[in-house]
Each structure stands twice: as C-alpha cells, then as structure tokens.
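Just one chain follows, in the form predicted on its own, and it is written as structure tokens.
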C-alpha cells in the first residue's frame, strides 16, 4: 500500500503535518533546491529528526553549478551521517559524488519531464540510484508498467502544481523592462484563452506551472503498488485539508488530472 510523502508548504506547518497519518515529509535544502515555499538548513533537519521517526526526504533538486559542489559534498556527507531517509535530486553529479565519497544515503531521481520510460529509469538504477519520482507527463498505464518492471522505489505526484516550462532567464524581469514598467513581485499569471497559468521567478530562473493542481485522490486505489504518493504543498492554500482528503481517499468531482488518463501523441508534419 502506498505511503504519503508531503512537501510541506510552510515552516510553521511542519509539526501539524507530522501529526497526520502520513509516511513522511519532503524538505527543500537552502541554496541547493528550487521551487519551494521555504528552505531548511542542516540544523533545521536535525531538530525535525529529533521530533519524529517518520521518513525525512531532503530535496536537492537544483541544477548544480561549479560553485555549488563544495557545499553539496558537505551537505551530502552530513545527511548521510544523520541518516536522512532519502535525497531527491535533479543533477546527476550527485550520483558521482555519492560514489566518490562512499555514501549510503538512498538517492531518488526527480527530473519532472525526463525518465518517462522503463529503459530510462533502468539506466539510472544501474548507476546506483535507489528510486525514481516518475514524471507526471505519462499515463496511469505507463506508470504501472514501469512499476512492474522494477523493485526499486517508485514515487508519483498525487497532488500539486506541476512545472510545464523552465528557463534560466529572468523572463518576468525582462518583460517589465521591455514594457518599461516596474516589477512588483516574483509571481504573475499568463492568460491563455480563459485559463491562467502562474509564472514565478527567483534567482535561478523562471517557471510556468499548470493552471491548477493535479489531484489524483480518486485514483488512489489503482496506485497501491506505487511506494510513495507525493503531495506537493508548493503554492497550496489548504494543504492540511488536501492531506486529510488523501488519507480518507475522499472522492471528489471536477479534478484536474493532467496526463494521467490522456496520452501525449506527437506526429511529425509532412
């Protein structure tokens, strides 16, 4: 049966979330992660580790640069020492650092739009990766087929706003410079017909998200073989209620489910 992993939306909600019937939480590490409402340091993680025996997953999901490598090694060594349960990562440099340093900490690859097939995941498993947060760009049938072909850890996002576009450029800043107006914040909306998509900018670039959060609460019975269902609290306004609905498997109408039941079919034009 799947366990729930929650990416907490606010620092002050950590204790409340840990009291719920979930498997554990995901925390984003300062300067080594992106797309989070807040970030933690090593002291924060140690304090949380003292409070709970639930799973603690640390996200290091930033595309790393040379200047990040020294800190990255230090953080991985310490996370390994204090027995953090898993690390979510994007940059494959982390695989090599783990090998070089002889660390035991389990690694879960998380690359949003990549690793959408049996073979791509199997490639990383052969490099010593312990599991995969499977892209939400595939259907239920494709997800379950990946599950059948491996005994590694498989995660899938059950709730959350999903990134659909990323640029290292500061697109919001550039836009306001072009129209000669002052930028008032780092989150805006792009309108496409009658839909609005949030666009956010931070020091690492610009991301556009789905118009609403994917919500697979109605699909949980079919996902029992998935090890962990992720509830992503980024930009969520009612995270605790969302978690309770997932715990109760509350059936709901009108939910956005992304590609879960819709294949993406691309054809080359003649």
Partner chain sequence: MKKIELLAPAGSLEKLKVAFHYGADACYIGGRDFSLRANATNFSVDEIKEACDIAHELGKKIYVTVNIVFHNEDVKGLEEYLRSLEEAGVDAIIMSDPWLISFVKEKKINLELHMSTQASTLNYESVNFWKDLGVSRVVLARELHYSEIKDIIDKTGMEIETFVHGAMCSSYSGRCVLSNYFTNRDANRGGCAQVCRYCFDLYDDNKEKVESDTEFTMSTKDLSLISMLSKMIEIGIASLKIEGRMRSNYYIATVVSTYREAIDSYYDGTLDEEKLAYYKKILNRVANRDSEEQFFNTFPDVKGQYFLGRQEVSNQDFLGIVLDYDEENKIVTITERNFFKKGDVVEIFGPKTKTFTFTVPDIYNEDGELVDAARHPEEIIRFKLDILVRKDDIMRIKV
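Numbering follows the first chain given and starts at 1. All figures in this text were calculated on a predicted structure; none of them were measured in a lab.
Although not depicted, the form predicted in complex with its partner chain is the subject of the following passage.
You can rule out all but one of 24-32, 50-58, 64-72, 215-223: in the predicted complex, only 64-72 has residues with a heavy atom within 4.5 Å of its partner chain. The closest non-hydrogen atom of residue 40 lies beyond 4.5 Å of its partner chain in the predicted complex. Taking non-hydrogen atoms only, residue 245 never approaches its partner chain to within 4.5 angstroms in the predicted complex. With a 4.5 Å cutoff on heavy atoms, residue 77 does not count as touching its partner chain in the predicted complex; it lies far away. Looking at residue 253, you'd find every heavy atom of it more than 4.5 angstroms from its partner chain in the predicted complex. With contact defined as any non-hydrogen atom lying within 4.5 angstroms of its partner chain in the predicted complex, the contacting residues in 86-104 are 90, 91, 92, 93, 95, 96, 97, 99, 100, given in sequence order.
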